[in-house]
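Quick heads-up: it's one chain on its own, the form predicted alone, in structure tokens.
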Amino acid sequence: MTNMREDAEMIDIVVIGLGTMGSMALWQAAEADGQSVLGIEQFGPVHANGAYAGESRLFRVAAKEGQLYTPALLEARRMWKALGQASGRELLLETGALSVGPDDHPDLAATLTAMQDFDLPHDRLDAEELRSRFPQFAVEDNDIGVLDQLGGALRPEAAVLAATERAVKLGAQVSYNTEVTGIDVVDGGVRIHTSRGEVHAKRVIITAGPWTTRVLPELRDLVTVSTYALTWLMPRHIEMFTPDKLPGFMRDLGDLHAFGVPTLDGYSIKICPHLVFDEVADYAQRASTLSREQLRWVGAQAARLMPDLVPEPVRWSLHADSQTASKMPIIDTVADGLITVATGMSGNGFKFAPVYGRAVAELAMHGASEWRHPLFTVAAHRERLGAASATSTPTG
């Protein structure tokens, strides 16, 4: 370990990466009195390279992934509305979030359990009620619908900008178009090497998404890079797909999962049948285009789910995110608390962003946060990985 230069300006908290989690962490760190805060971003203020880009994200409170997420989502909803009010932007569209699938589908059962356990306002619709209330969907006789009344859709680019601007208004500084080339833990803090020179910090928050392991290579055994496709199709009757007529939605069949958001551009809707891409070790290896075969498949599946759609995407985009084997995030400190990291959101992190941003800011400032679940620690991830390896290893 080397020493920090005595004449170096010391910043209390530096946030590396100002996308989904970084913008929220910057905002939450700036809310604390007496802290000097700097955010470093390799691109501009809002850009198309991050995991958050793509116009909209589905927001749910009743989490099918597990009840441990629902309290965080309730708090996130409150924070989304507060940030929207402070920024003067509509960040959360309160359309509700509808899950449609076979009545024995495990995701629907988990969603209903979360709603009942936390007494969340919801509607349970049988097949006939679905056809009557939401005629946009092709509904089978054994389908049910579950409407999460607290759900809706988020505007991610607007949210990232709103959180960053709020942080700057509170006194944070930002350095855009600045690449971090390395970090060193030193006596007295962390030295950050950037394309614009060195930065010295007491504490560092790393929220670099699919670039995480470039900055923290010690997490390469836990974090990979996955690609997610977003696709938009045009309805023949757009008036049926406006936010007052269609909630955000998830649709499951026996062989297909898709999610979507009502029209925000006035001519198309986001509907994303799930495409599978190989996980890779680094952002540079990610998938960067969709084939004609993939686009035709998306169109056919989307029209199968919603017959009014013209079966051809009118636009599409690909987005990389960091992923863990369990799909649970990593929110933890390393380097004896000098570095806090939030990564491994696995395409599922945006709706949690204000809460997870608060968690990493509190971990950096105080070493603890009620919003960091024990299952999110590096140690817990390594324990699960070791258990999975032991189970899959032949014994003789």
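Everything numeric here is computed off the predicted structure, so don't read it as measured data. Residues carry their position along the shown sequence, with the first being 1.
Form predicted together with a small molecule: not shown, discussed below.
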| field | Every residue of A29, T340 and E362 near the small molecule in the predicted bound form, heavy atom within 4.5 Å | value | no
| task | From the candidate stretches 301 to 309, 183 to 191, 226 to 234, 143 to 151, select the single one in contact with the small molecule in the predicted bound form, where contact means a heavy atom within 4.5 Å. | result | 226 to 234
| query | Can you check whether A208 is within 4.5 Å of the small molecule in the predicted bound form, heavy atom basis? | reply | yes
| message | in the predicted bound form, does R358 come within 4.5 Å of the small molecule, counting heavy atoms only? | response | no
| field | Distance check, H47 to the small molecule in the predicted bound form, heavy atom within 4.5 Å | value | yes
| query | Does any heavy atom of R166 come within 4.5 Å of a heavy atom of the small molecule in the predicted bound form? | reply | no
| note | Checked V215, A162, L290, V174 for heavy atoms within 4.5 Å of the small molecule in the predicted bound form; positive is V215
| message | Give me the residue from L38, A63, A51, I330 that has a heavy atom within 4.5 Å of the small molecule in the predicted bound form. | response | A51
